[in-house]
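Okay, here we've got a single chain as structure tokens, the form predicted on its own, with questions on binding and movement later.
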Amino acid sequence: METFDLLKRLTETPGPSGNEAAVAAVVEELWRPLVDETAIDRVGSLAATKRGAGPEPRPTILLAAHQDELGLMVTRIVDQHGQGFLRLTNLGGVDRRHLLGQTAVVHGREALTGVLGGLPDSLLPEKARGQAYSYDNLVLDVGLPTERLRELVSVGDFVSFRQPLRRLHNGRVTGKALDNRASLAAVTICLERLQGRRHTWDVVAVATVQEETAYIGAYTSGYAHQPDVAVAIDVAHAKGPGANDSELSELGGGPLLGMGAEIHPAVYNALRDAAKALEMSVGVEPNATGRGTDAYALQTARAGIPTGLMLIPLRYMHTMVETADLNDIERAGRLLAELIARLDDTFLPDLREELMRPDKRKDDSQ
């Protein structure tokens, strides 16, 4: 499938944190022809296993890309002269400065499309003018009278943003949920490329749940599958207006490799060496304290899992106009496949030795 079409299907499927069933069904349909078996676990994460060609018992690498997106939840149904409106709260780190004027869908007994609205700025109390709308003065208006709205919607129903994926110039795309459906697309591309590559290790690709709220899918998947190595795939802030820090990446510059407290040096080096084999440019995303991605949860599962982190550059994160470069997504998929194909019997014995040689973590290009 062409990358834009793949990404369009993934991003336009609703799946706010804690309500990922619809997107899990789409991912399972995409991954099933590429793997040996699929299963959805108790918390909703989808695991797809592709067995390797090595003798049993084979080592396992787990790829984790979270499938949940940011969303909203109904907290109250309010009546205004017979017309019903929905008060909301956030599911994950929604940037509420971008909410006013968005189209959204409340998933009640029926899926109802509405608009996120509020009083005009001039009618707000003076101290609230010129500020981002709060959840106290923002409503979802689906156009129904209160009585009918209460028949179809309940407190606790989730709300997803309705935003199509659009092409921009120069291979760029924009839409909602690129965090982290871009990474799900990259894992799909990886699995497609492995159809023509021999690999000795087993591969478990997991579309994890609730990364945006609690890392639940990563904790439980790491515990259940007990992989020898794991790689989390997520997104990172890219350079843009007002965000031109020298350490931020450029869209189209290729994927980034995480470096920091939650990253095992052997996995980092294996990713870096795979990029060199492909003659692919990769950047480094330093993070001294960890957290922020599934890598944090994976590395602490059971007795600890040697974990790496690959990141796809993204502008306008946690908005409805997140922007990415299709080339970065495709390169991330190619790099994951190259890493997996290069894993052999010597990798695990070298893990402990790698910890004793921290100088090897330095990028030769720096």
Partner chain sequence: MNDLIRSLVEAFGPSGFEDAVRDLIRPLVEPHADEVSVDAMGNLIVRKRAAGENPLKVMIAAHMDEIGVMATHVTAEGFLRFTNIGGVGPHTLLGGRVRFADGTLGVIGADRNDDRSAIHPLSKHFIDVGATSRDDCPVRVGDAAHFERPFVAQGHRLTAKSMDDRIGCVVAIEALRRLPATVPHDLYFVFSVQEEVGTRGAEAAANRILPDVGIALDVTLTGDVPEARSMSVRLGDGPAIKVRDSGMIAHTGLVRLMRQRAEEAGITHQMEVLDGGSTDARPMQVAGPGCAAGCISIPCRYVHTPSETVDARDVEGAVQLLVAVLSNPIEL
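Each form is matched to the other, and the largest set of C-alpha atoms that superpose within 1.5 Å is called the rigid core. Computed from a predicted structure; not experimentally measured. Numbering follows the first chain given and starts at 1.
Quick note: we don't show the form predicted in complex with its partner chain, though the next part is all about it.
Exercise. Using a 4.5 Å cut on heavy atoms, which of Gly101, Pro164, Gly143, Gly156 is close to its partner chain in the predicted bound form?
Worked result: Looking at Gly101, Pro164, Gly143, Gly156 one by one, just Gly156 meets the 4.5 Å heavy-atom criterion.
Exercise. Only one of Met73, Leu251, Val105, Ala128 has a non-hydrogen atom within 4.5 angstroms of its partner chain in the predicted bound form; which is it?
Worked result: Here the answer is residue option Met73.
Exercise. Are Thr174, Thr188 and Ala341 jointly within 4.5 Å of its partner chain in the predicted bound form, each by at least one heavy atom?
Worked result: Zero of three within 4.5 Å in the predicted bound form.
For this session: Have a look at 165 to 173, 85 to 93, 120 to 128, 193 to 201 and name the one stretch with heavy atoms inside 4.5 Å of its partner chain in the predicted bound form.
Result: Among the candidates, contact is made by 85 to 93.
Exercise. Should Leu34 be counted as a contact of its partner chain in the predicted bound form, where contact means heavy atoms within 4.5 Å?
Worked result: So Leu34 does not count as contacting its partner chain.
Exercise. Does its partner chain get within 4.5 angstroms of any non-hydrogen atom of Asp273 in the predicted bound form?
Worked result: No.
Exercise. Is there a heavy atom of Leu112 no more than 4.5 Å from a heavy atom of its partner chain in the predicted bound form?
Worked result: Outside the cut-off, so no.
Exercise. So, in the predicted bound form, is Ile216 in contact with its partner chain at a 4.5 angstroms heavy atom limit?
Worked result: Contact with its partner chain, yes.
Problem set entry | Partner contacts in the predicted bound form for 105 to 143 (non-hydrogen atom within 4.5 angstroms of its partner chain) | Heavy-atom contacts to its partner chain in the predicted bound form: only Asp136.
Exercise. Cα of His81 displaced 2 Å or more between the shown form and the other one, core superposed?
Worked result: No, because once the rigid core is superposed, the C-alpha of His81 moves less than 2 Å between the shown form and the other one.
For this session: Once the core is aligned, please say if the CA of Lys127 is shifted by at least 2 angstroms between the shown form and the other one.
Result: Comparing the forms between the shown form and the other one, which are aligned on their rigid core, Lys127 does shift its C-alpha by 2 Å or more.
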